[in-house]
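Taking the form predicted on its own, here's one chain by itself in structure tokens.
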Amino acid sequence: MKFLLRILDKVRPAFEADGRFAFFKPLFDAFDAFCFSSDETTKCAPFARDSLDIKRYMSMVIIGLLPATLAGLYFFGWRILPVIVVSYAAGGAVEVLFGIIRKETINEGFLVTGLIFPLTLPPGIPLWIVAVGMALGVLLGKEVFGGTGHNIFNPALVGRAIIAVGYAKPMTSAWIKPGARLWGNLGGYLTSPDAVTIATPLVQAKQQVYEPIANMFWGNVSGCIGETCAAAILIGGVFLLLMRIANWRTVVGIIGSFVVLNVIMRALSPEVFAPVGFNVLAGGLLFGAFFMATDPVTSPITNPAKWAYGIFIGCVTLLIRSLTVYTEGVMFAILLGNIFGPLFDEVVFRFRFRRYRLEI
């Protein structure tokens, strides 16, 4: 790495304000920040160092996503890799373009968005749809609001919502049966035509046919790339909780409220609401709870609001999944939660400030 650092230091003047390649300075700074820690320091007191910067934060999320990513690769084959590559290429292009236009440093956040987005897609999705969804997700979900830190919606979910509405047929028919052999579907790039199916667990549940819980826990079911193997999701999710990257209040609020409401509604209407164990493991509930709803930019910042935010998402997910034509409700529930998140914080602020005023 010292060799690379010497090269960067040598060419750095060419990317400064008066350099030959000043137009590409945001791209150069992004590559520099990705490879090395920042050498910037404060010029006066107080001198403080945060225990977790954006680079380390995003690195921990990437590590947490690896088990689900590897599980998707194992069960659905090598085609998963170009899906991820296209996602990064499309999202990265939009990030670089806006970084150059605004003359701002490109943030590492797109590394997480670029991996979460393909993990929420069917494994057989056409690559051009992946590019369209990712590009529009970054553009309309983040850049139009001012870039990283200013967006109110999760960019990955914005992109998925756009293609779910605009390209409904491929989004509901590009499912692939997981490999049943010891090596899964790692034997080839593409599966054979007879390996394609539309019978995901949530689709079957609409006819009151429920996939065995063991299959869904270990990932031996059709579904989105990173959402079928509950074991892999739990490994990555618990890692994020232990590293304090994801807030446990949001996760517990989502899963807890989902379970409680499911138990109540299942007792009242068993023909409409699926069994609790099945509902928790099916679809994207666990993946959304650990990796998308806990996004620090689009989720509330106060602890009571995190509870309300999680409970809201859990309840709305169950109601959409069970009472509408949509087989999955996590995506819409989290986007709605993004809308109400600031309101939950506002209620907490007003309550606390009112109490302080009364004490004064």
Partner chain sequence: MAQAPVPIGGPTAKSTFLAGLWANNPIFCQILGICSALAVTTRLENSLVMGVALIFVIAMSNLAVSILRHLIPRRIRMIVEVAIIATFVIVFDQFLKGYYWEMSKQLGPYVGLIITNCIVMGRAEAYALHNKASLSVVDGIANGLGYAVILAIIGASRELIGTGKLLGYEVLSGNWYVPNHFFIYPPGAFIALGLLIWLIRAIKPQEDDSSQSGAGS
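Quick caveat, the model's predicted, so the values are computed rather than measured. Residue numbers count along the first chain shown, from 1.
Same protein, other form: the form predicted together with the partner chain, not shown, and the subject of what follows.
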{"item": "Listed residue that, although the partner chain is not shown, lies within 4.5 Å of it in the model of the complex (heavy atoms), from F110, F153, W175, F98", "value": "F98"}
{"item": "Option touching the partner chain, based on a heavy atom within 4.5 Å in the model of the complex, out of M265, I235, V276, I162", "value": "I162"}
{"item": "Partner-proximal stretch of 223-231, 136-144, 248-256, 286-294 relative to the partner chain in the model of the complex, 4.5 angstroms, heavy atom", "value": "136-144"}
{"item": "Distance check, Y167 to the partner chain in the model of the complex, heavy atom within 4.5 Å", "value": "yes"}
